[in-house]
Ligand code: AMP
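In the form predicted alone, a lone chain appears below as C-alpha cells.
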Amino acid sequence: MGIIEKKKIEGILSGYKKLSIATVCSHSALQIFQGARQGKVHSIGICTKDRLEFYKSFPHARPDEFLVVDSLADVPVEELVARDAIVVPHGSFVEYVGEKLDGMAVPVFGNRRSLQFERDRMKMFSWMGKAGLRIPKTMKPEEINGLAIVKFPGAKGGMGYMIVKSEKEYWEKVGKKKALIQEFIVGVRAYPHYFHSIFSEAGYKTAYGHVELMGVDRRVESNAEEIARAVAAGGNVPLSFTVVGNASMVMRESLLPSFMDIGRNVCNSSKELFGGMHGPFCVETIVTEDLDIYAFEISARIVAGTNVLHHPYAEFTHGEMVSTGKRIAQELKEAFRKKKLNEIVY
C-alpha cells in the first residue's frame, strides 16, 4: 500500500471545526490523555474491552471518550474523522498498525513519512548518516568477529534481542529470521527525547523551527539490569534486553551541547529527506568511557521514556514541568488557532 497523498489529509483537515486528540490505549497513552486534559483538548482512547477498566481508573489521565475495538490494530478511521480527531502515534500504535498507517485516511500528528524511515532500518541508517551521527558498524553474519547485538524488526521494546560472538553462534540462535546485526558498543545507554516545533522559540534553531530537549532516560531491561547479581550468585543466565521500565537521567552538562546538535541535525536532515518532522522523537545512544556518542536508532514519535514526567530539561526550557503529552496538546492547539494544522499534521 502506498502512502496517502498529503492533499487528501489536508482536505479532511479543512472540514474540522474543533480539535480532538486520539491514540491507542497502550504505551504512553496515559500521558497523552493527561496532556490533552491539561491543554483542555478533547481526547479519544481507542481501546479493547479488556483494557477499559484500567484506562478508566485514572481520573486525571483517562480519555474523555472511548472507542471500543476488537483489536488495537483496528483503528476506526471514519469515527475518528467524524470526531475531528488527530491521531498521535506511539510505539504500540506503530507496532500494531504497521504499514496500514501509510494509507490510513485520518490525520496524524507529525509527518507519517518519518515512520517509514523508522520502520525500514536501511532508510533509518541513511537518515542517521545524513545527520552526521556516529553509528555502530552493521555487519553480515560472516563478518561477526567479537561481540555483536542482534535486533529484530518492529517496536517490541527490545524483546528477543540477543548477543552473539561468532557466525556459528548467530546461525545457532537466529537461524533464518530477518535480523539486524550491529557491533556491540560498551558504554552507558542514554535516550534523549526531543520535540520539534514550528512555533516555539525555545531550544536550538533548525532549518524550519526549533528543537527542544525534553528529557533523557535509560531503559530498565530484563535481565540485563540484574545479570551481574545472577552471575555472582553462580547462575548461568542468558543476557536479554526486554524493556520493563524507564528511569530518568541527568547527563553530564558538558555532553548536552552534543545532544542538542544531534537533535538539530536529525531535524535538518529529515527536512531534506522527507519534508521534515514535527513533534516528539528520540535518538537512542550509547556514551563510551571516552565520551564518544554513538547513535543506534531513531524513534520518530513519542517514546515510553517520556512517561518519566519529571525531566529537568523540560523545566529548564519552559519554566515549569511540561510533559511531552502536554507539549503535543500545546502544539496542536496553537496550530489549530493559527489555521496551520496542515503544516504539522499528515
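For every residue, the number given is its place in the sequence shown, counted from 1. Note that this is a predicted model, so its numbers are computed, not measured.
Separately, the form predicted together with this ligand exists; it is not shown, and the next lines address it.
Just one of Y191, F259, Y170, F125 comes within 4.5 Å of this ligand in the model of the complex, counting any heavy atom, and that one is Y191.
Proximity to this ligand in the model of the complex, defined as a heavy atom within 4.5 Å, holds among V216, I149, V106, L72 only for I149. Contact here is defined as any heavy atom lying within 4.5 Å of this ligand in the model of the complex, and by that definition each of Y161, E183 and E284 is a contact residue. In summary, the region of this chain contacting this ligand in the model of the complex, judged by heavy atoms within 4.5 Å and restricted to 275-283, 55-63, 296-304, 34-42, corresponds to 296-304. This ligand in the model of the complex comes within 4.5 Å of no heavy atom belonging to G245.
When contacts are judged by a 4.5 Å heavy atom cut-off, Y96 does not count as touching this ligand in the model of the complex. When contacts are judged by a 4.5 Å heavy atom cut-off, F241 counts as touching this ligand in the model of the complex. Although the partner is absent here, P153 is not a contact residue: none of its heavy atoms lies within 4.5 angstroms of this ligand in the model of the complex. Contacts between stretch 110-145 and this ligand, counted in the model of the complex as any heavy atom lying within 4.5 Å, involve P136 alone.
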